[in-house]
Ligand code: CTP
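In structure tokens, one chain follows: the form predicted alone.
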Amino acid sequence: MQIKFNDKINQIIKNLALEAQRFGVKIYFVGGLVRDVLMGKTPLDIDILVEGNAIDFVKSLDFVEIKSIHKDFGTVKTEISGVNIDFASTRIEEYPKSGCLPHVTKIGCDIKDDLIRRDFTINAIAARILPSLDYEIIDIFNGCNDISKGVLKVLHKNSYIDDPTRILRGLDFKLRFNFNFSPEDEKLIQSYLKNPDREGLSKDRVILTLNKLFSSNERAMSAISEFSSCCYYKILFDEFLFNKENLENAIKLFDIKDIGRVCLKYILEAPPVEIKFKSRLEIYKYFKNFSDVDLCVYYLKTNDKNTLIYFNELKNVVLNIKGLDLLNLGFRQGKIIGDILDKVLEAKLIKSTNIVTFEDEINFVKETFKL
């Protein structure tokens, strides 16, 4: 297999391969980098797997700057000649409960034992790094064949039970690469979703996966549509009310550019308590710290037309005068200052108002309030 790096990175990789021989370990590219290269894509991040203890290996290198070490997982973040490279030890993991974070039971295992803990066959391909910069492919789960066929397969039948976020990662790969779950995987997924075990579920891990799934605005609408129609929401909760037309309309109404963020917040946020506003001032004060994404999601969750009033009519209203200006006019410090500012703002929020400039506001105060 050929991997096209620039001359600088090639030299770094060659030096690492020579040092691995000296240290008596084998090193590999694995996972996303190998998958992307086999698919004709340019690798972005460089991760190296050490068949042994990566921390000990990296510490033996005098040309490496160690940025951080995660001892429990045997991983090291480094910088070499300005290039960020992450090292990981081969390891064996187990899942005490469905959906929880795995426990590492062994650091420095055989490469085959490390590969079997991974999610899909397409990500369980390793390429051994040699000083000649030749790369020896290790593909014990036929991941290369699944890449060529565009098929997503897990490595064992309990994979989705161990880690339900693999369903969402699979959806991400499906949309990114135009792949499909294998028929057997479809059955395994639906079997899990019929009776999801959420007792040990790591919600942080689910949210992290959803963040990645909705990181693309181009794929966001397809992602949330399949998240709903395929019942993937059952990983987190029993019901999920979704209407694609309503979502598309709201995105247009609020001129949303970050579609993925809207979809993510729509999934994760509970319906807010709808408020009965008594005035445009109350509307303004309630929504003034909302982003456009927040407004869009609130509208989707409540269908409250006040969000549209705020967005279209009130959002850009600015109060020019400050408390100091009122003190300079002769008003005394205290509650009266806030009350006056509220009255001026309320007057500006009226559709037919002719209060626009600083001078207009000062004149309104002089006409309305007595010193």
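Since the structure is predicted, the reported quantities are computational estimates derived from the model, not experimental observations. All residue numbers are counted from 1 along the displayed sequence.
Below: the form predicted in complex with this ligand, not depicted.
Chemist: State the residue from D325, D36, D342, D56 whose non-hydrogen atoms include one within 4.5 Å of this ligand in the predicted complex.
Modeler: Checking each option against this ligand in the predicted complex, the one that comes within 4.5 Å is D36.
Chemist: Sort through K149, K212, K112, K285 and report the residue having a heavy atom within 4.5 Å of this ligand in the predicted complex.
Modeler: That would be K212.
Chemist: Any idea which of 285-293, 169-177, 128-136, 253-261 reaches within 4.5 Å of this ligand in the predicted complex, heavy atoms considered?
Modeler: Among the candidates, contact is made by 169-177.
Chemist: Just checking whether K153 would be counted as a contact of this ligand in the predicted complex - the rule being heavy atoms within 4.5 angstroms.
Modeler: No, K153 is distant from the partner.
Chemist: Determine whether any heavy atom of G52 comes within 4.5 Å of a heavy atom of this ligand in the predicted complex, and answer yes or no.
Modeler: Heavy-atom contact with this ligand at 4.5 Å: absent for G52.
Chemist: Going by a heavy atom distance of 4.5 Å, is G32 a contact of this ligand in the predicted complex?
Modeler: Close contact exists here: in the predicted complex, G32 approaches this ligand to within 4.5 Å, heavy atoms only.
Chemist: Whether R205 contacts this ligand in the predicted complex should be assessed with a 4.5 Å heavy atom distance threshold; does it?
Modeler: Yes, R205 is a contact residue.
Chemist: Would E19, K26 and S89 all count as contacting this ligand in the predicted complex, using a 4.5 Å heavy atom cut-off?
Modeler: The answer is no: none of the three residues contacts the partner (heavy atom, 4.5 Å cut-off).
Chemist: Does anything in 104-137 come within 4.5 Å of this ligand in the predicted complex by heavy atoms, and if so which residues, in order?
Modeler: Counting only heavy atoms within 4.5 Å of this ligand in the predicted complex, the contacting residues of 104-137 are R117, R118, D119, N123.
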